[in-house]
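Let's start with one chain on its own, the form predicted on its own, as structure tokens.
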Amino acid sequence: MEKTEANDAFLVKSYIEGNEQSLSILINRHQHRIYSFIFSKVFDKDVAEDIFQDTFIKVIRTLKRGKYNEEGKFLPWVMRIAHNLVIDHFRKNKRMPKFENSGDFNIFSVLCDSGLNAEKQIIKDQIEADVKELIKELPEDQLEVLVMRIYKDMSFKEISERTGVSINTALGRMRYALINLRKVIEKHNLVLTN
């Protein structure tokens, strides 16, 4: 696997330097896995082909603008683009309602929907995994309060007692955790839906 990543990095560099053939090699190397991933989400050959093409259009544009900096992680980067385009497809076709980023933003409302079909469940699972990784970037005190509140379903009174801070401090940490989580989501350019 490490050898493929190294080869991918070399081919990306070669493509950026003007060797168009390098991109063809990358596409041929990964097309089955990327297409299969897309098809497993949309279950429609034509839609999967469209999203596959859109994925590589976005890849090409990003590479040509010099915005690629994944340091040898080409396939996961392309899979993230494909994943986001699948979500865009569902949103555009109103098969999945858009999560409105309003002033009272709460990413965890995305994870609470119990009436999910298989399609939405797959995306919910991905969002859960993304959020669990993203919250690791929060400051320790905010992370602690957020985990107690969201994952352990503790009241702010219980959080206050457990952490030894006032209820207002616990509330403030939760508020800042959500604000900072929004910034982390924007930094990683993620699309989160419910």
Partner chain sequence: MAKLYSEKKVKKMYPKKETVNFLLNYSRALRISTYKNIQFENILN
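Residue numbers count along the first chain shown, from 1. None of these values were measured; they are calculated from a predicted model.
If you look for the form predicted in complex with its partner chain, you will not find it shown, but the lines that follow are about it.
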| message | Within 4.5 angstroms, counting heavy atoms, which one of the listed stretches 162-170, 122-130, 138-146, 30-38 is next to its partner chain in the predicted bound form? | response | 30-38
| query | Within 4.5 Å of its partner chain in the predicted bound form, do Ile150, Asp153 and Ala177 each have at least one heavy atom? | reply | no
| At the 4.5 Å heavy atom threshold, is Ser14 in contact with its partner chain in the predicted bound form? | no
| message | Within 4.5 Å, heavy atoms only: does Ile185 come near its partner chain in the predicted bound form? | response | no
| query | Quick one: is Glu49 in contact with its partner chain in the predicted bound form, heavy atoms, 4.5 Å cut-off? | reply | yes
| task | Please check if Arg61 has a heavy atom lying within 4.5 Å of any heavy atom of its partner chain in the predicted bound form. | result | yes
| request: For the stretch 50-68, return the residues whose heavy atoms include at least one within 4.5 Å of its partner chain in the predicted bound form, in the order they occur. | output: Phe52, Gln53, Phe56, Ile57, Ile60, Arg61, Lys64, Arg65, Lys67
